[in-house]
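Presented as structure tokens, the chain that follows is alone, the form predicted on its own.
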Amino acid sequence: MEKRMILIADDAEINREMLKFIFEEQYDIVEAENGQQAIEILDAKAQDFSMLFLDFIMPEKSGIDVLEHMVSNGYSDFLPVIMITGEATPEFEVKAYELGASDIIYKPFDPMVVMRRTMNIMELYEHRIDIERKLEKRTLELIESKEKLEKSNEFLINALSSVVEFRSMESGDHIKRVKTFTGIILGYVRKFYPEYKLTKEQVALITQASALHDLGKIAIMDSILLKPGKLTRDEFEEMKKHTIYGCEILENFKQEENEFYRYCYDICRYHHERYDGKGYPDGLAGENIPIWAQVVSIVDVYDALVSKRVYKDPYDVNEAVRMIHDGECGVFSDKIMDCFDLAKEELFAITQREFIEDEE
């Protein structure tokens, strides 16, 4: 509903009457004889006014006092103010503008000029408020859309990772631990290596995406995937293709310019790459391997070592760390190793707690 009220705060009755004469046909006029009255009226119904005409010098409270009160209570955000004065120093003018006054009109004033300037200011305010409301509405829509997308992503991850668990006969705890470990190590990467420019939001997305690192195992034959003994060379070459198969599966869920999809894809494809270029499938080396894939890589290796698999018994956590440090599981960057060592005690505690619960 359009606001139809103007407040005129001036201790001179003649000035109030002149302004009232200009606007009374279009607006309901409310008058205040001093600054204190103006403040009381504003506190009661500031939202109802379209404009405030405010004299600089008044009894009890000055125009500047009223402006300061408006700023402290947020009235200036939606109510335009035109200062009216017979004379004012430059210091007063600057102060008024700093406190949000839209214009200053000097007495005596021309009615047509006052009318035109007032209407222009009100239109600008209404337009700005309309834009802000639309932006606020759009922001809420985007937040709601983002939340829906995150829930959709979480459902998709849970569904696909459950299929991987079922196919590979692995406990769901493996994927849960990979996600937990990934989040922990990413926290250290973000803290100590700002050059990667990871945000909290990115860390959350990458942590979610890590659950799909072995998605491609869905496409590996049972005779290879579940083989209890050592794989032949040909079988191992086929097993390595799970990095490619995972990406092919993800293509069915591709969303253009989607950051989450990129993390899922990179992790699926590159979590077996190694810093010295001796990994697979593409033989990437150094920082050509995305940092999120590097993190999931060391996490996957660690959990594979300390977990029981169809082809091996679990290693002790300290032995697993030694093997990783000695390069028995491939080469990792100094930065990744640093973060792994910083996270080591947390990883140990989670590992021991998980396996004790499994035994019970």
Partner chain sequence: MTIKECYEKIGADYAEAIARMMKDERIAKFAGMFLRDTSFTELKAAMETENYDEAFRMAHTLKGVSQNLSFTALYGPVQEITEALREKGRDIDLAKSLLPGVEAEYERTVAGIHEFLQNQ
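Please read these numbers as outputs of a predicted model, since none were measured by experiment. Basically, rigid core = biggest C-alpha set you can superpose within 1.5 Å across the two forms. Residue numbers count along the first chain shown, from 1.
There is another form of this protein, the form predicted in complex with the partner chain, and it is not shown here; the text below is about that form.
Asker: Is E13 one of the residues lying within 4.5 Å of the partner chain in the predicted bound form, judged by heavy atom distances?
Answerer: It does: once the partner chain is placed as it appears in the predicted bound form, E13 has a heavy atom within 4.5 Å of it.
Asker: Is A304 close to the partner chain in the predicted bound form, meaning a heavy atom pair under 4.5 Å apart or at it?
Answerer: No - in the predicted bound form, heavy atoms of A304 and the partner chain never come within 4.5 Å of each other.
Asker: Using the partner position in the predicted bound form, report whether G327 sits within 4.5 Å of the partner chain, counting heavy atoms only.
Answerer: No, G327 is distant from the partner.
Asker: With the partner left out of view, is E91 within 4.5 angstroms of the partner chain in the predicted bound form by any non-hydrogen atom?
Answerer: Although the partner chain is absent here, E91 would touch it in the predicted bound form, with heavy atoms inside 4.5 Å.
Asker: Find the only residue in F192, Y125, F109, Y280 having a heavy atom within 4.5 Å of the partner chain in the predicted bound form.
Answerer: Exactly one residue meets the criterion: F109.
Asker: Can you work out which of D130, E87, D222, E251 has a heavy atom no more than 4.5 Å from the partner chain in the predicted bound form?
Answerer: The residue from D130, E87, D222, E251 that makes the contact is E87.
Asker: Report the stretch among 35 to 43, 319 to 327, 287 to 295, 55 to 63 that approaches the partner chain in the predicted bound form to within 4.5 Å, counting heavy atoms only.
Answerer: Among the candidates, contact is made by 55 to 63.
Asker: Judged by heavy atom distances of 4.5 Å or less, which residues of 18 to 36 approach the partner chain in the predicted bound form?
Answerer: Read in sequence order, the residues that approach the partner chain (within 4.5 Å, in the predicted bound form) are M18, F21.
Asker: Answer yes if the Cα of D303 shifts by 2 angstroms or more between the shown form and the other one on a rigid-core superposition, and no otherwise.
Answerer: No, D303 moves less than 2 Å.
Asker: Taking the rigid core as reference, does the Cα of E17 move 2 Å or more between the shown form and the other one?
Answerer: Comparing forms between the shown form and the other one, the E17 CA shifts at least 2 Å.
Asker: Following rigid core alignment, is the displacement of the A293 C-alpha between the shown form and the other one equal to or greater than 2 angstroms?
Answerer: The answer is no; the displacement is under 2 Å.
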